[in-house]
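Next comes just one chain, in structure tokens: the form predicted on its own.
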């Protein structure tokens, strides 16, 4: 479904972030990318999202080359970036409002399906009862649930997650990770996530891709064969530990020689 073909990128200051990074993602697959800090993971996501043009290589989605941001690709970042003057429901609704701006200009009735499409999503992300709450009234985990719902409201076939749980405490992080696993399974969304947590990557993904130090390239990948739905009880399974160990071994090979 999605193919990043030998992506290289050098910033204007001369820093080469990526070198011939290739990635293939099947429809409905969850791919996690792990690697050392500064290895170009976030640069790769920005290129896949169409926010940044690579110096070389190309990204293809269903056979069409990505050259600009697409409504078919959703984004979720470490910072929820909610608008403080909008309620939970209004923050989630924002992409729909932006997308239907032209049609709303020609009609005073707005978009008839907005409320009906938001309600099931709010329930899915576990925010029922908080529709009219403002960001200042939410915990960090709840704010990220709003950000997830906002990213999914346009039903994008692909969701990119850039360390979405990085700023959360350990317990909130585990709870939200488990929620994301079930939500993406329910929606059939194809996902690519970058994370520093190998355990998190193994828990969520169908495949863990290990990235070299900058300039980032693919060192290897680990297929994750754990059954779904997944729970954190699986962390004590020998298979889980073996998969984490395999990813950690690949990551160890990327350590720069001192």
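Positions refer to the first chain, counted from 1. If you're wondering where the values come from, they're calculated on a predicted model, not measured in any experiment.
Only in words, not in the display: the form predicted in complex with a small molecule, which the text now covers.
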item	value
Heavy atom within 4.5 Å of the small molecule in the predicted complex - the one residue of 191, 59, 201, 39 that qualifies	39
Candidate stretches 226-234, 30-38, 202-210, 60-68, one within 4.5 Å of the small molecule in the predicted complex by heavy atom	30-38
Interface membership of residue 242, the small molecule in the predicted complex, 4.5 Å heavy atom rule	no
Heavy atom of residue 195 within 4.5 Å of the small molecule in the predicted complex	no
Touches the small molecule in the predicted complex: residue 17 (any heavy atom, 4.5 Å)	yes
